[in-house]
Ligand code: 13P
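Just one chain follows, in the form predicted alone, and it is written as structure tokens.
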Amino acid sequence: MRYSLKEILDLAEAGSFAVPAFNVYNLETLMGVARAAEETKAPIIIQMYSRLFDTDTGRFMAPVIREMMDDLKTPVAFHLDHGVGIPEIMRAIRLGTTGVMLDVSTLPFEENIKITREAVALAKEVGVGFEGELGHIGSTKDEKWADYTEVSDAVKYVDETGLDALAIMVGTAHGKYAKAPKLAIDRIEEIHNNTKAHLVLHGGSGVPDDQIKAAVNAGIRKINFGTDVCYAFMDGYKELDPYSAPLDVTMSKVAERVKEFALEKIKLLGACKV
């Protein structure tokens, strides 16, 4: 069932769980997470990075994702992850996304608000949910990570932009962690208690299970998984003899490995309760 970003996160807030947002890169990663949703009857979010929407990959994948959304009996949102500008957001909307993200978190605070507010207005005109970012969530390779998102800044940001979901910096980063992060659970809870937006945790890959559960209990309603989707795919492929069977048979086994990963995260986030 096709849901907007806001609609699917409203379900999470009502049920006090988090929706897993899986970044997909090809048919096998899409098949894996879709089959996990089908098996658990859990809501999920299918996302692609902004760069994929700029290539034939996104153009070819989008119709398949839309058909999958219509086939599944569980709520599914199709989301642009880390849109780099309004042109990228418009392109993703034309390809059928039900949610978009604009990431201008490296800009000064007031400029971030101004650009995000303009993009929110465009998305809402066509019923598409919107995610912004406050407090830059960088890479695990960065020498220094940004400070945690301030509660007062989050309140002003949400009020002045009118967005539906807010990615906050509370101790995570994108990529493979050299050392498991420790999240600012108290900060998550403070922002959740003081804002109307649904809170998003980026960099969910590699975060210990106990930290994930604590973040959900504190108010996180969407958790992104990208790096671990790639690892599940590649680990599954490395275990196979690629010459032992036709390619479709081989790759179906890789999709099964992605499904197993997605099942673990769906259960961890409590999304099975829907």
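Note that residue numbering begins at 1 and tracks the sequence as displayed. For clarity, every value in this text was computed on a predicted model and none was experimentally measured.
Same protein, other form: the form predicted together with the named molecule, not shown, and the subject of what follows.
- Screening R91, H136, H192, H82 for any heavy atom within 4.5 Å of the named molecule in the model of the complex leaves a single hit, H82.
- Proximity of A184 to the named molecule in the model of the complex: non-hydrogen atoms within 4.5 Å are absent; the residue sits far from the partner.
- A residue is said to contact a partner when one of its heavy atoms sits within 4.5 Å of a partner heavy atom; G219 fails this definition for the named molecule in the model of the complex, lying far away.
- Shown alone here, K124 lies farther than 4.5 Å from the named molecule in the model of the complex, counting heavy atoms only.
- Contact check for G58: every heavy atom lies farther than 4.5 Å from the named molecule in the model of the complex.
- Contact here is defined as any heavy atom lying within 4.5 Å of the named molecule in the model of the complex, and by that definition each of N23, Y49 and A173 is a contact residue.
- None of 113-121, 198-206, 155-163, 92-100 except one has non-hydrogen atoms within 4.5 angstroms of the named molecule in the model of the complex; the exception is 198-206.
- Residues G203, G204, S205, N224, F225, G226, T227 are the members of 203-227 with a non-hydrogen atom no more than 4.5 angstroms from the named molecule in the model of the complex.
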